[in-house]
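The chain that follows stands alone, in the form predicted on its own, written as structure tokens.
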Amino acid sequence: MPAYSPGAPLPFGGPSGGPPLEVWQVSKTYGTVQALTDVSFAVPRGQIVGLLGPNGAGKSTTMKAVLGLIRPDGGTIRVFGREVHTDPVATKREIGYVPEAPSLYEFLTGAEYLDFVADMYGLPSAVRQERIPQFLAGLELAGHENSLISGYSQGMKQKVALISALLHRPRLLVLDEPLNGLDPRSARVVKDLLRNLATSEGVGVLFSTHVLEIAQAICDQVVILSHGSVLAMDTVGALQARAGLAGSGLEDVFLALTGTGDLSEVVSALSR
């Protein structure tokens, strides 16, 4: 599916025919601060879409709006054709979410917490007994599941958050810095798993990260936010051509498009 251009109408469909995520002309203010202005983009089936931008660009506000945690002042957000605020419970069943700083119930063991999450999604006992051990083994948490989460390292807590997001096999994943704290093996497992879910299962993934090398490696398209608006939206290759930086890394493209390409004066000042 081709990338959407800012301002172009999105092809809203019915619940069975809509793409995993459509964000259309969404705006949000906090008091006198304009956090989002007419933000439009989509996550097609089977694609990983990177949500990029400097600090304060509006990424977290966008994700919270997608999840129904905040209500935009204007615009429409649909998940598989359903408006998020019209049927929030049904919408949340379709989404797996990993926040940037997961807040887990640390007085529970890993196994207890995952069982609690499975209860929330109504997973039958037989299903959870099959899936939870698979995830624990795949992310090298097996053997630690009966320890309190309060004793886990940051990386182990991140793995629990990832398993919680994937356990009910959602059709849309909303991931905010999902690889934080992961060791190289686990990070590779997660990246390969996301690609497999997108390619084989048609899962849509909205992936926010500050590590642009990761975005370049796994994202089919990227959306760059700046000051609450969509600055650019396309494949990495197309954005490289737009910035006149064919063959350069996404970091150089990102800095050029956001107007922060020449940092020599800053580096020189900090080196004195």
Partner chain sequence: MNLHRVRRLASVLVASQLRSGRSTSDPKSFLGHPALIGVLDAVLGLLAFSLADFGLSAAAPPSSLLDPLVHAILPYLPTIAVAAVLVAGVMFELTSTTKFSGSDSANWLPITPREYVAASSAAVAYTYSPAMALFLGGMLPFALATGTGAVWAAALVLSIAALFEGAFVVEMVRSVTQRMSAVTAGRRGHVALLLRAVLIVVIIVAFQFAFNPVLLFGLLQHAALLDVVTAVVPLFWSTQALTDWLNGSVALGLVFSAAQIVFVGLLLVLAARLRTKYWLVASSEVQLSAVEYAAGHPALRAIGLSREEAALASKDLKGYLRRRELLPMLVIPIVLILIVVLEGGTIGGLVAIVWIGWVAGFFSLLLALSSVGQERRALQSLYAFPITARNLLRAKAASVLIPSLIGAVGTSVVVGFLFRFSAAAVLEIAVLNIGAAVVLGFWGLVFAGRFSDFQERPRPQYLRPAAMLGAMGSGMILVFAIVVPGGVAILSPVLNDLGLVAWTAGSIVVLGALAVLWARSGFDRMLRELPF
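Residue numbers count along the first chain shown, from 1. All values reported here derive from a predicted model rather than from experimental measurement.
What follows is about the form predicted together with the partner chain, which we do not show.
Spot the stretch among 76-84, 132-140, 198-206, 177-185 with residues whose non-hydrogen atoms come within 4.5 Å of the partner chain in the predicted bound form. Of the stretches listed, the one contacting the partner is 132-140.
Taking 4.5 Å between heavy atoms as the contact cutoff, choose which of L123, L166, L172, V189 touches the partner chain in the predicted bound form. It is L123 that has a heavy atom within 4.5 Å of the partner.
So which of I70, L231, A57, I214 gets a non-hydrogen atom within 4.5 Å of the partner chain in the predicted bound form? Filtering the options by heavy-atom distance leaves I70.
Taking heavy atoms only, is K64 within 4.5 angstroms of the partner chain in the predicted bound form? K64: contacts the partner chain in the predicted bound form.
Indicate whether Q154 is a 4.5 Å heavy atom neighbour of the partner chain in the predicted bound form. It does not: once the partner chain is placed as it appears in the predicted bound form, Q154 has no heavy atom within 4.5 Å of it.
So, L193 and the partner chain: in the predicted bound form, are they within 4.5 Å at any heavy atom pair? The answer is no: L193 has no heavy atom within 4.5 Å of the partner chain.
Heavy atom contacts to the partner chain in the predicted bound form at 4.5 Å, residues of 138-162 in sequence order: If the 4.5 Å heavy-atom criterion is applied to the partner chain in the predicted bound form, 138-162 yields G143, E145, N146, S147, L148, S150, G151.
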